[in-house]
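One chain follows as structure tokens, the form predicted alone.
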């Protein structure tokens, strides 16, 4: 009950946030956070609750994004239809992959999902007559203000968390967790593990593909290296889950806030503080330091994951009691 009250308070706060924080830059960051809540929640459903660690988030994200973009580019249909169809097309891509890959387990399934993302990236790059290749797909954004995108992203993120809660409260959730804990034991009591892994994969693909379609509508431009990126999409989805808490309902939401904030701190060199200090002091050292800091987010991600695994193996949400005790000791 307490977690429900906290979640409701957080939702109300997010609804009111853009009415208080009107700076477009910070609204943009919040839109990206909410997109990552959706992507991370979808990944967590497959990996955290069903035990199928996947590197294929980029494949489904990119398929959803291209579905929205190509509807507009080739058919002149509003890219917003991609919000309804992007997730469906991602599921259609994921279904044959799951049928082929689910007999594999552990690292072999993870490598198969990694290959799926690379196949989709290469296909989008080579098939220029359909995808425009490296030229990418450009559409005109529907809204000038960021507020509509923010509230759509918020609805999508809240809906994804609600889906996970409903799944976990149903028989489906028990099947997922039984497969995660011991697949052979689940099979021995009559659970069709392939069927339920396919359902979990389909939910993951649908949520991630829908997030990709919203990204296309929001950003207005995509190319294969942006939306099928292993590091920027697939690895980021895993980091969001690990930092927030794998196998927890609200872990990906917490992880999304942390990872987007950390990425932006490094990308902007402390929100421009280091650049301003470099101009004030002068000299080559500060300029070089600013340049290296702005490119060091990958290193920071690695250090953060190592620290989390060593200190909080269940993530911030999963080990919240341990975190709260540390704060009490510090105070």
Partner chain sequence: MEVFLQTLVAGVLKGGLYALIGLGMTLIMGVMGIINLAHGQMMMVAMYVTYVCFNYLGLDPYLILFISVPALFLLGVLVQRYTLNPLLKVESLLPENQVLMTVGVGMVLTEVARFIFTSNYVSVKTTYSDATFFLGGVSFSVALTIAFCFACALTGGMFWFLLKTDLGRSIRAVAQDAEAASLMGVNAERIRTLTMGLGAGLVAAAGNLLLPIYYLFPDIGGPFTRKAFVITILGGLGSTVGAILGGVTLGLAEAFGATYIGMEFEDMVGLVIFIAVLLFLPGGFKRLTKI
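Because the structure is a prediction, the values reported are computed rather than measured. Positions refer to the first chain, counted from 1.
Beyond what is shown, the protein has a form predicted together with its partner chain; the following relates to that form.
Engineer: With the distance limit set at 4.5 angstroms and only heavy atoms considered, check whether 17, 155 and 158 all reach its partner chain in the predicted complex.
Structural biologist: Judged in the predicted complex, none of 17, 155 and 158 sits within 4.5 Å of its partner chain.
Engineer: Heavy atoms within 4.5 Å of its partner chain in the predicted complex: which of the stretches 241-249, 68-76, 202-210, 165-173 has them?
Structural biologist: Heavy-atom contact with the partner occurs in 241-249.
Engineer: Hey, in the predicted complex, does residue 313 get a heavy atom within 4.5 angstroms of its partner chain?
Structural biologist: Although its partner chain is absent here, residue 313 would touch it in the predicted complex, with heavy atoms inside 4.5 Å.
Engineer: So, in the predicted complex, is residue 107 in contact with its partner chain at a 4.5 angstroms heavy atom limit?
Structural biologist: Close contact exists here: in the predicted complex, residue 107 approaches its partner chain to within 4.5 Å, heavy atoms only.
Engineer: Taking 4.5 angstroms as the cut-off for heavy atoms, does residue 146 touch its partner chain in the predicted complex?
Structural biologist: Residue-level check for residue 146: no, no contact with its partner chain.
Engineer: Please check if residue 301 has a heavy atom lying within 4.5 Å of any heavy atom of its partner chain in the predicted complex.
Structural biologist: Because a heavy atom of residue 301 falls inside 4.5 Å of its partner chain in the predicted complex, the answer is yes.
Engineer: Considering non-hydrogen atoms and a 4.5 Å limit, which listed residue (115, 261, 185, 138) is close to its partner chain in the predicted complex?
Structural biologist: Of the candidates 115, 261, 185, 138, 115 is the one lying within 4.5 Å of its partner chain in the predicted complex.
Engineer: Using a 4.5 Å heavy atom cutoff, which residues in 109-147 contact its partner chain in the predicted complex? It's fine if the answer is none.
Structural biologist: In sequence order, 111, 112, 114, 115, 118, 119, 121, 122, 123, 126 come within 4.5 Å of the partner.
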